[in-house]
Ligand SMILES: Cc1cc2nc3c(=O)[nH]c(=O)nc-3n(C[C@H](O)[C@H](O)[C@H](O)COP(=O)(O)OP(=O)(O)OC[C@H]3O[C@@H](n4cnc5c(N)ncnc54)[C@H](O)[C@@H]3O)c2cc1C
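Encoded as structure tokens, the following chain is the form predicted on its own, with no partner shown.
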């Protein structure tokens, strides 16, 4: 009876266990997640989302929201609950004259990138094209353009959102301003965003990717100089480092005039080569769309995954030594990505996103196939990341895993967490949206 009521209310599809496409719809990026929703509602529009929210409330079902499904904890899949699947809502509409993009809540970053680049425009949109726009933006939204234009959440002009009551609201600087503030960095705590309006920027899409590879045992001096050079880097350059196995890659991603990027690459190469001979060097011109998809994994959803993250306000010599003090095998791969620039320009109080003074974001990420390796891999990632705890200044909410209340306090300072709690209490007093890095309302 309940499923009939739900199907009659929804224009999109309603999937239940045993239905064709049910298993595909519940599969997310982390292969460790094997939960079975009672209903998967594949919404076609905001009215479908509102009906699904109201139905779940009436039936006392947990609600989860799935877009790209990249969240490492698997919050997108509500076991024995109702999963709102936004994937059918993937349209992107660009107004080139007004430099605006309207992006439905189920769109992936690649869809936004391609639509905007047709007009020589772009906005900050992550590093992997099959990530969901919604999850990335609601948590903040780091990307290769962030040092020039700010985080993804800094570029949102308005949200269309379905709140816990099932009501559809528009949140912007003038309408529901506290909700607008909270949605820019507070995660999925406050409702289901069915449409984002983004500001776009002129961006022809020229990219230069620079990498010098060093043996792990010889990477200390080059990495110290890489850190020093990052402090005065132009905003077009985002300095990056990766550590995996027995190698360390040091470089930067340049999005801007290609001649200037190549010139900076030559200076960078000369400087680092003077303190250590790289095993390999690469200066690769490409388009912005190629950059945005170069880290895509076509079969990525088959991997089991775990990660831990930190923010660092500086990379001290001691921290660099700690990062490099690792065996070649069995540890997670490491990525470091520089912040600063326009990210730090925004006043801390402008949005819920916090830790704008971070110099680098650190992620230690493991992936594996065999379920019997789960505890071994997760414990190794925890132990390695824990050696950096004393250097950390916080964490990015989008890379929090099983961190609970401690994780929230790493992502938000006390005053912001109190303000977020007030917004939560206003718009979701019963904590209907709790499958996230949950900010509980005051009464719960």
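All of these numbers come straight from a predicted model, not from anything done at the bench. Positions refer to the first chain, counted from 1.
Unshown form predicted together with the named molecule; subsequent notes refer to it.
Checked against the named molecule in the predicted bound form, the residues 132, 185, 309, 251 give one hit for a heavy atom within 4.5 Å, which is 132. For the options 219, 338, 192, 241, the one in contact with the named molecule in the predicted bound form, meaning a heavy atom within 4.5 Å, is 192. This chain is displayed without the named molecule, yet in the predicted bound form the stretch 58 to 66 from 371 to 379, 32 to 40, 403 to 411, 58 to 66 comes within 4.5 Å of it by heavy atoms. Annotation: in the predicted bound form, residues 227, 268 and 359 none come within 4.5 Å of the named molecule through any heavy atom.
Contact between residue 207 and the named molecule in the predicted bound form is not found at the 4.5 Å heavy atom cutoff. The closest non-hydrogen atom of residue 396 lies within 4.5 Å of the named molecule in the predicted bound form. Among residues of the shown chain, residue 420 is not one whose heavy atoms approach the named molecule to within 4.5 Å in the predicted bound form. The closest heavy atom approach of residue 136 to the named molecule in the predicted bound form falls within 4.5 Å.
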